[in-house]
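Given as structure tokens, the chain that follows is alone and in the form predicted on its own.
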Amino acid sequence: MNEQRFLIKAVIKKSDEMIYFSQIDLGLVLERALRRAELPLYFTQGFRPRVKLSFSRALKLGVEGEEEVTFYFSKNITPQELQEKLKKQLPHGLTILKIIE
């Protein structure tokens, strides 16, 4: 099965209480926010499908900083739509700084 996928890269900032979340937990937080935003998510293939997203590098636990995240979607959406919908669902301490096109 060869589904089409669309990707959008964004730079997010981890600060305040979110610095105590590990990289794995950060992925789960983003996955939940994406689901609540009701965006057309792309899922991994295999026994246990997960929302597909990837990080350029991991921030250490307890460190405030920025990181690049690639979001994958099953339908083409605009970067503005991603920012508007996801921003409302992100917890305090996690913000979208910019969308990379």
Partner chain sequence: MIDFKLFQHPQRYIGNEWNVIKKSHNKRIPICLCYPDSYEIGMSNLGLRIIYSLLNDSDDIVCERAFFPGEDFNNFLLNNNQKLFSLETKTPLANFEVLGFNFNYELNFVNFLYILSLAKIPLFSRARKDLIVLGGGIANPESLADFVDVFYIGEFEAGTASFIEVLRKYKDKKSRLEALCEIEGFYVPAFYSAELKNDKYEFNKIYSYAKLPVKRTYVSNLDKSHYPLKWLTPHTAIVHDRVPIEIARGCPNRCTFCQARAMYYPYREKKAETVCRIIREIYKNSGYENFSLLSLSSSDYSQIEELIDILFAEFKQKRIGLALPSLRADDILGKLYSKLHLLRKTSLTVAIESANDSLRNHIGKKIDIKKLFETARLIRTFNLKHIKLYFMIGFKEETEEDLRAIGLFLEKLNQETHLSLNVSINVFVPKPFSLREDATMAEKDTLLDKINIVKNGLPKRRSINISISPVEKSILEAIISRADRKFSSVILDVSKASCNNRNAAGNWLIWQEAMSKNHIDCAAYLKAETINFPWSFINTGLPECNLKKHE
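In this text, all values refer to a predicted model and were calculated from it rather than measured experimentally. Residue numbers count along the first chain shown, from 1.
The next section is about a form of this same protein that is not shown, the form predicted in complex with its partner chain.
Contact annotation: F55 falls outside 4.5 Å of its partner chain in the predicted bound form, judged by heavy atom distances.
Residue contact check for E3: one or more of its heavy atoms lie within 4.5 Å of its partner chain in the predicted bound form. Shown alone here, P79 lies farther than 4.5 Å from its partner chain in the predicted bound form, counting heavy atoms only. Using a 4.5 Å cutoff between non-hydrogen atoms, V69 does not count as a contact of its partner chain in the predicted bound form. Taking a 4.5 Å heavy atom cutoff to its partner chain in the predicted bound form, the contacting residues in 64-94 are K88, Q89, L90, P91.
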